[in-house]
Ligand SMILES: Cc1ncc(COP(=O)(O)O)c(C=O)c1O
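The chain that follows stands alone, in the form predicted alone, written as structure tokens.
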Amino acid sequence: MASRVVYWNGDFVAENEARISIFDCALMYGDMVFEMTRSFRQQPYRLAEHLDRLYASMDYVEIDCGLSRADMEAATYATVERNLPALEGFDFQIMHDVTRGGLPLYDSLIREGTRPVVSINVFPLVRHTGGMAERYVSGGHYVVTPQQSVPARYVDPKAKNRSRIYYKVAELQAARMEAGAMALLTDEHGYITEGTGNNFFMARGNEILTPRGHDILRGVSRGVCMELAAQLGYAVREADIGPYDVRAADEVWSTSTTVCMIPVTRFNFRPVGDGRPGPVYRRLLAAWSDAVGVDIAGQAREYAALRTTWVP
């Protein structure tokens, strides 16, 4: 069987040999920007939007990776092409990671030198979506954590970066509140911002609300959801949303790259609506599935059946 390879600063290396130095800025400072894209029917989905954000993130943190955007896109497709024989027909993630490179203080100890490191990997989504298959049916549970978002005036979350320890703290807090609960963060004023790697939506009547774009990552999947909702005739509005407001929601869901949309049927230990995925969510997920030619929830169920026997 063919083995997966990783794009690594212009070369291709075996996936299990792709490493960075312990003296790289990514480890010393969390100084790395990244993007996660997924495929549908083994074709990259919304890659242009993800690359646009990757380059905006690099501009924000002042990293010149040495590749033009066109070069990065070509390298991405080359990486996908190289790996297709090893992907077993599965849809996959495409992960772009860009570090500032090694700290010059340790230059003699860094094999790859101190220039920025660009890596692109692809990995089947069997574990990603398969592990979430039941959530499409039963929904998730959002809990507001004591850990809040970092205000954009300190580190702007619109730049997708790896300096996210506050995400991990929030996830640990949510797990202590209830096993499997999803962390939902708020800003310093108590308004909902985002989950740890997902965006928040709620429906009330014929209106869909999502947090304003100030202190959040403006997710590509968030944008897709808003587009589809508008096409289906829903009024979509960005707003300041407090936990109090969510108690009056008919429906809640999250969006993220790998799983697209997950219904949220409980919020802070109370049912949302009737405690089941609602009609707005179901219409949007169906529209998304039609648009990409894949039954998104069905694919997750298919991958779930393989998770225990599939070897990465």
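Bear in mind the structure is a predicted one, so any value in this text is a computation, not a measurement. When you see a residue number, it is the position in the sequence shown, counting from 1.
Only in words, not in the display: the form predicted in complex with the ligand, which the text now covers.
S.K.: Could you work out which of Y167, Y234, F123, Y191 is the residue within 4.5 angstroms of the ligand in the model of the complex, going by heavy atoms?
M.R.: By the 4.5 Å heavy-atom cutoff, the listed residue in contact is Y167.
S.K.: Within 4.5 Å of the ligand in the model of the complex, heavy atoms considered, which of I94, M182, V220, V98?
M.R.: Among I94, M182, V220, V98, a heavy atom within 4.5 Å of the ligand in the model of the complex occurs only for V220.
S.K.: Hey, in the model of the complex, does T196 get a heavy atom within 4.5 angstroms of the ligand?
M.R.: Output for T196 is yes: heavy atoms within 4.5 Å of the ligand.
S.K.: Please run the contact check for R53 against the ligand in the model of the complex: heavy atoms, 4.5 angstroms, yes or no?
M.R.: Heavy-atom contact with the ligand at 4.5 Å: present for R53.
S.K.: Residue-level contact is defined here as any heavy atom of the residue lying within 4.5 Å of the ligand in the model of the complex; does K160 satisfy this criterion?
M.R.: Heavy-atom contact with the ligand at 4.5 Å: present for K160.
S.K.: Indicate whether T255 is a 4.5 Å heavy atom neighbour of the ligand in the model of the complex.
M.R.: Contact check for T255: yes, within 4.5 Å of the ligand in the model of the complex.
S.K.: Among 220 to 228, 133 to 141, 172 to 180, 204 to 212, mark the stretch whose residues have heavy atoms within 4.5 Å of the ligand in the model of the complex.
M.R.: The contacting stretch here is 220 to 228.
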